[in-house]
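Before any questions on how it binds or moves, here is one chain, the form predicted on its own, in structure tokens.
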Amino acid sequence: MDVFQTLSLIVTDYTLRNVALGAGILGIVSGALSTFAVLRKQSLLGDAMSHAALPGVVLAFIITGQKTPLVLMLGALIAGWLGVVLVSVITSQTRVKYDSALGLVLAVFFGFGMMLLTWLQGQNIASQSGLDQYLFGRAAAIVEHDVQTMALLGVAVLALVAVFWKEFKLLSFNPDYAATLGFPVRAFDIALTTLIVAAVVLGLQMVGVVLMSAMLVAPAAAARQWTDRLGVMIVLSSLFGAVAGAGGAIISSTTTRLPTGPTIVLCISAIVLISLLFAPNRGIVWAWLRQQRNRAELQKAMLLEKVYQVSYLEGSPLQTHPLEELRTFMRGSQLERALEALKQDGYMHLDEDGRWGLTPSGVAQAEAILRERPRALAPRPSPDGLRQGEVG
């Protein structure tokens, strides 16, 4: 299937259009909020809250008897928020650490939700079928009304992020300083956590409670590799989330019985992998290339210095040397690569007898290296302005 056929299907196919739009909305909202979760070192919060939302979904159905998305999302929101409150109470009133409290709430709420779900499946209630799909998502069942609900909730969440942008930014980087300025740090912390819970609720239909945590960690983890600016990071994180969401929905539609939720998670995982490998500042590949380039420059400088010193001792810096003599300075292919690089730089030359020697430019460069070395080894000023080892 080519690109044009895929685009036409998105426009004409009702189900694919709804799933792609819903997944894109989820990616934008979760990507924006995942930035704050990652920067505040609360990556596990999304995992805990998504699992805590399961009993809310089941209880909402048991109480109301309705399976409409708005009712189930409201139940999930209440349950997830109660999970946040419970984590806060545990960490403030006991000696249990934050990560342990998250794990405890995750296990208890999810176990309670599975117990309710199993009990409900044993009852003769025909309308309860399909609730178990919230474990891994039920993207194919999304209709236009669900997309509209997700869009309204997503716009509301993003609007609140924009309104409290400065407060959330300060809370993410320096909450202690925010408290000294008189900001209600606790209130903003609860507000930001509530928005993260709302993003979790938004993604329950699409990827389910089990996989939703990936959408609250992976987009920001990928975006962090590309930038050091919060605004740019949020834009990139939202973009990555939208691409993964819509792309996963489209890919799953091209293959029979390929689940949408796991496909979306695999797409965002691929974006994270690409970012980890190829991001200019932090990418593993570029870091390896920089390391190799620095190593090559160091080898060139060492060889240039050694040849200069030996030539100087023999009477002239322009003295030439056979290749076998130079092998005492450097081994194998490293020597050959360094010699060729220095030749290209104009610092060394090869005469007709196969002997290597410094050019005038090479002599000047070697002398510059030797002049810089004492500076590198010189004592550095201490914080009080005196050099190390000096007394006033």
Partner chain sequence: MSSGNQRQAPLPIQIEDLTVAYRAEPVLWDIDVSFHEGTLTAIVGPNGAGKSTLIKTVLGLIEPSAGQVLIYGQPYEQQRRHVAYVPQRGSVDWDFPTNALDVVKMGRYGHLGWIRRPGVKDHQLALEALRKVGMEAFARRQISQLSGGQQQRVFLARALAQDAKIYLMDEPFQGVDATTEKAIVDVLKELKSMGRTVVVVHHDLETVPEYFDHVVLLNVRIIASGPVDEVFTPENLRRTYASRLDGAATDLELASAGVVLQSQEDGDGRVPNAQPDRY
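Positions refer to the first chain, counted from 1. Remember, it's a predicted structure, so these values are computed and weren't measured experimentally.
One more form of this protein exists, namely the form predicted together with its partner chain; it is left out here, but the text below deals with it.
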Stretch in contact, per heavy atom within 4.5 angstroms of its partner chain in the model of the complex, of 69-77, 288-296, 308-316, 87-95: 87-95
Position in contact with its partner chain when the complex is considered in the model of the complex, options 301, 230, 135, 242, heavy atoms within 4.5 Å: 230
I'd like to know if residue 81 sits close to its partner chain in the model of the complex, meaning any non-hydrogen atom pair within 4.5 angstroms. no
Any of the heavy atoms of residue 183 lying within 4.5 Å of its partner chain in the model of the complex? yes
So, residue 41 and its partner chain: in the model of the complex, are they within 4.5 Å at any heavy atom pair? yes
Check whether residue 167 has any heavy atom within 4.5 Å of a heavy atom of its partner chain in the model of the complex, and answer yes or no. yes
Let me know which residues along 171-186 have a heavy atom within 4.5 Å of its partner chain in the model of the complex, or say none if there are none. 172, 173, 174, 176, 177, 179, 180, 181, 182, 183, 184
